[in-house]
Structure formats: C-alpha cells, structure tokens
Ligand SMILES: CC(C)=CCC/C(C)=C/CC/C(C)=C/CC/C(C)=C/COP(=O)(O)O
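Just one chain is shown here, as structure tokens, and it is the form predicted on its own.
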Amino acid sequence: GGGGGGRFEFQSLLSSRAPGLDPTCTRLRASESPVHRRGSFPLAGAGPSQAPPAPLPEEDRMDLNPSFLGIALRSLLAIDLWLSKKLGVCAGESSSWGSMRPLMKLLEISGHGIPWLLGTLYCLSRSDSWAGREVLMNLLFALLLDLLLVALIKGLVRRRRPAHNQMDMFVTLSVDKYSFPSGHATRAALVSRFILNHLVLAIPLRVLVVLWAFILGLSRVMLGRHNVTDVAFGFFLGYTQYSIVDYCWLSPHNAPVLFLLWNQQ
C-alpha cells in the first residue's frame, strides 16, 4: 500500500507540473539549444533583432547586377573618350602636332555657320536668274535649319566638350560650350550633299568636296573640340537634314510669296 501510494503521488506531481511549466525555464532551455544558437530557424517569440534580413530594394539589385545594355553603353563611352583623347594631337601648342593647329583653325572657319550664311545671302542678292535664286534660297533654308536643330540638340543633351579642349573657337554662342553634336560636322555633310546634288562639277572637284567634309570632321577631334561620337552623329544628322530640305524644297510654285518678296528687294 505504501509503495502504490508513493507512485501515485509522484505521477500526480509530474502531471501537475507538465501543463504549466515555468515559461522562464522554457525560454532559457530554448536559448541554450545548439540549433537556436546557430540561427537555423526563428522562434515564435523572438524579438525584432532576430528577424531575417529584409530583401534589397529593386534599384539596389539593379546596381549590383547591371544589365548588359548598361555595360555596353559604358564601355562604348569609355572607348569614345579614350580614342578622342588619343586623336586630339592638335589640342594645344605643346601637343604632338601642335604646329598644325593654325591650319586646323583655318579649316575650322571654313565650316563655320556665319561665313556660310553671309556668303549665301551675298550670292542670293547678286543672282539674276530664277533657277539660281531657287537653289540659293533652299541653301539658306538648309543652313538655318541646321543651326536650329544643332542648337536644340545641344541644349537638350548638354554634353561637355573634352577636357583637353581650349575654348578659343571662332565666334561662339551660348550653346557652343556643349559638344554633342558637332555643328561643323552636320554642316559639312549637309553642304557637301547639297553641292553634289545641285551643282554640275567635274569629278576632281566632287572628290575635293567629299574630302573637305571628311577632313573638317576629323579636324574637330584633332583640335580637341569634339569627341568621335559627336562628329559621327553630326555627319548622320547633316545627311538627314538634306533629305528634309529636299522633301520641303522651296520653289516659285509652292512658295511664290517668298520669291516675289525677295525679287522686290
């Protein structure tokens, strides 16, 4: 009887302690668990410091994993800057081709917008044929369109000129502190295409016109005025501008008022 009563009292003691274990002891044992110390799983009652780290924002993940297009564009920009600096052999008097700088600056004036505008206006005032006036009127329209588009794109892009450039250019305006695109390159492509399509020239003269346009664009990089991509896009833009002028060609039939007003002058 005594033994059975002892077992009953011991089982009663265990059953009375099992449902209501001390919560402090329970947390202590859990914290001492080797699995918990390794941080394999969070506990239900764990504090905010033990919560799993939040995922990175989308923009951070993009910075850590740049796209192929971004890498390609940055690589092309680096190549453009490196090649432009290598070709800037006339950027200063102390450059490797510094003695050629005056000749390059003279070539720069040959592609400037002001001499072309003044020369076209003078020839237009001296012309005494309707055919000559028609060609010169459209050349004036092309030059004005070129100035407008180049100034607009430069104001929107605002790419600085190369660091090795000297700001000693001939008659600069406010947008001329920007580099993209090259106005000389656009004008060279536009004027050369205009001349080849509307003037009857011998083959040697036609070759000289093309060489003038190409050397003028190359001189912009050699003087340090522009990067290679500025000149390349300038050639493309000038070539496209002529297509616009050819599509909107001014003649006494579609713009009679303009020609009559100029004839009265």
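Keep in mind that this is a model prediction, so the values were computed, not measured. Residue numbers run from 1 along the displayed sequence.
Heads up, the form predicted in complex with this ligand isn't pictured, but that's what we're talking about next.
A.B. asks: Decide open versus blocked for this chain after superposing the C-alphas round the site and placing this ligand the way it sits in the predicted complex; the blocked call needs 3+ ligand atoms within 2.4 Å of backbone or C-beta.
C.D. replies: With this ligand superposed from its pose in the predicted complex, the site reads as open.
A.B. asks: Given that this ligand is left out here, which of R161, K85, R133, K105 has a heavy atom within 4.5 Å of it in the predicted complex?
C.D. replies: Residue within 4.5 Å of the partner: R161.
A.B. asks: Which residue, M169, L81, I153, L145, has a heavy atom that falls within 4.5 Å of this ligand in the predicted complex?
C.D. replies: Result of the distance check: M169.
A.B. asks: Could you tell me which stretch in 234 to 242, 220 to 228, 206 to 214, 192 to 200 has residues with non-hydrogen atoms within 4.5 Å of this ligand in the predicted complex?
C.D. replies: In the other structure, the partner sits against 220 to 228.
A.B. asks: Check G92 for me: does it contact this ligand in the predicted complex (non-hydrogen atoms, 4.5 angstroms)?
C.D. replies: Answer no; every heavy atom of G92 is more than 4.5 Å from this ligand in the predicted complex.
A.B. asks: Any of the heavy atoms of A72 lying within 4.5 Å of this ligand in the predicted complex?
C.D. replies: The answer is no: A72 has no heavy atom within 4.5 Å of this ligand.
A.B. asks: Taking heavy atoms and a 4.5 Å cut-off, does H112 contact this ligand in the predicted complex?
C.D. replies: H112: contacts this ligand in the predicted complex.
A.B. asks: If we define contact as a non-hydrogen atom of the residue within 4.5 angstroms of the partner, is L117 a contact of this ligand in the predicted complex?
C.D. replies: Within the cut-off, so yes.
A.B. asks: Within 161 to 200, which residues have a heavy atom closer than or equal to 4.5 Å from this ligand in the predicted complex?
C.D. replies: Heavy-atom contacts within 4.5 Å come from R161, M169, F170, V171, T172, L173, D176, P181, S182, G183, H184, R187.
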